[in-house]
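Heads up, the chain below is alone and in the form predicted on its own; it's given as structure tokens.
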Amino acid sequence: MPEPYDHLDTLRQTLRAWLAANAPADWRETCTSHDGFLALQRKWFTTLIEGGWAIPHWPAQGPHGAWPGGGRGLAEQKVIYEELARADTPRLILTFVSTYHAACTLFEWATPEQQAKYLPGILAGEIWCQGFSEPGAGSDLASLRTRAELRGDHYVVNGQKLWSTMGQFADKCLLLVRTSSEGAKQAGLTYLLLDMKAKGVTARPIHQIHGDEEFAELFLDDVHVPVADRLGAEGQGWAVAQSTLSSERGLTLLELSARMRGSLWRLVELVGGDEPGVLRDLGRLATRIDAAQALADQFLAKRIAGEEAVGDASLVKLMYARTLREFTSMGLRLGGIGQQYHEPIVFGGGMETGNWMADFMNSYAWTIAGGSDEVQRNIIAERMLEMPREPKSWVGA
């Protein structure tokens, strides 16, 4: 067996050669329209699947044979993410929830029948979205009110979801609903797999201030979801949802940190001459990006070894959100606002199309989505550092 270094070096050189022959050229020009963006995303996903590079975090074997390129170890996954970033390839935004959130949750919680039903569709390009946040239940996810009533062999769901990434294009949805109001808020949640083509489902894109329509709001009116499409037991939805969010804060943040590291050179290229302080600030930023990537690496290593502790995922998300804001702020400082608002901006700013203002504004979403920075700090303080809870303030006599 070759030494680990030789093995990883061989993997790196193999992927680098493959990318030189297969990575799409001038792809940013394609992303100036929704149709162009969607076509590029679908084609690039298919190319990566065929090459065996799209799902290295999946197991090696599935119900009906090997997954293409699955079964990679953490070190191998890191090499793949680094090389995709180095080659400046388009990030798979359209299938992001499908291959990470949905797949990782299915691997951990789904029955063999559910895995056989849903995983092949993800490989074939089915788009999944996430139905977690609601109006009034974003950072405090446990307060969600979308209701699911059990009627025989199906649930009847009514409610509204917000900020569902790519929800207007999705085929399926990871849906968190309330099935009980008894006891703790978390205890009454149940996790369902929703067919977005089901009667009563409406997805409406949200037009953002910088021109993107990356998110959608979902309206659910008497939607029928079979009991067979429930993950875990009724009332176990909070635990299942934590698996979904942990996949985001682990594998996904490892990929995003690697891409940020690769995109740092886009900032270096913007530096003109020896502007005082700029190179110093870039050096500090590079150090923070390396630290964020190392923290994501450490989290994944602990999770794979079964040594993950409460609060580890919060540390990773908090670090990434802060570093992303610093990164995009530097891009805005050096590159300006990029495209103007009246020009079409489709799913990406500075790192994708040259619009640093768009990415800077999007960076604030990371301080809210999946649990706000304040929630993450409370988790770290109370559950990791075992500090006392903040006393409640009482109004009145």
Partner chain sequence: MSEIRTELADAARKALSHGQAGDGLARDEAAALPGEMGWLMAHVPEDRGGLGLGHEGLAAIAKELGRALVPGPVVAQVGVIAALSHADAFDGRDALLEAAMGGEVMTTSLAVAPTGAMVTCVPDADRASHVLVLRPDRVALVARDAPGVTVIERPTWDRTRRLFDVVVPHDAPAKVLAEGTAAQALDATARSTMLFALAADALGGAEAALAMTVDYLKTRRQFDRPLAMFQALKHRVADLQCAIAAADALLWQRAGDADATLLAMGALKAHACGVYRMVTEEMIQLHGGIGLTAEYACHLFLKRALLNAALLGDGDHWDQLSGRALLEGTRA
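From a predicted model like this one, the values you see are computed outputs, not experimental measurements. Residue numbers count along the first chain shown, from 1. By rigid core we mean the largest C-alpha set that fits within 1.5 Å across both forms.
Not on display, but discussed next: the form predicted in complex with the partner chain.
Residue in contact with the partner chain in the model of the complex (any heavy atom within 4.5 Å), chosen from 150, 206, 282, 116: 282. Within 4.5 Å of the partner chain in the model of the complex, a heavy atom is found for none of 31, 38 and 160. Note on the interface: of 285 to 293, 175 to 183, 214 to 222, 197 to 205, the segment with non-hydrogen atoms within 4.5 angstroms of the partner chain in the model of the complex is 285 to 293. The partner chain is not shown here, and in the model of the complex it never comes within 4.5 Å of any heavy atom of residue 6. Heavy atoms of residue 378 reach within 4.5 Å of the partner chain in the model of the complex, making it an interface residue. By the criterion of a heavy atom within 4.5 Å, residue 271 is counted among the residues contacting the partner chain in the model of the complex. In the model of the complex, at least one heavy atom of residue 387 sits within 4.5 Å of the partner chain. With contact defined as any non-hydrogen atom lying within 4.5 angstroms of the partner chain in the model of the complex, the contacting residues in 301 to 318 are 315, 318, given in sequence order. Residue 183 shows a C-alpha shift below 2 Å between this form and the one not shown [criterion: core-superposed Cα displacement of 2 Å]. Once both forms are fitted on their core, the CA shift for residue 96 between this form and the one not shown remains under 2 Å.
The Cα position of residue 296 differs by 2 Å or more between this form and the one not shown after fitting on the rigid core.
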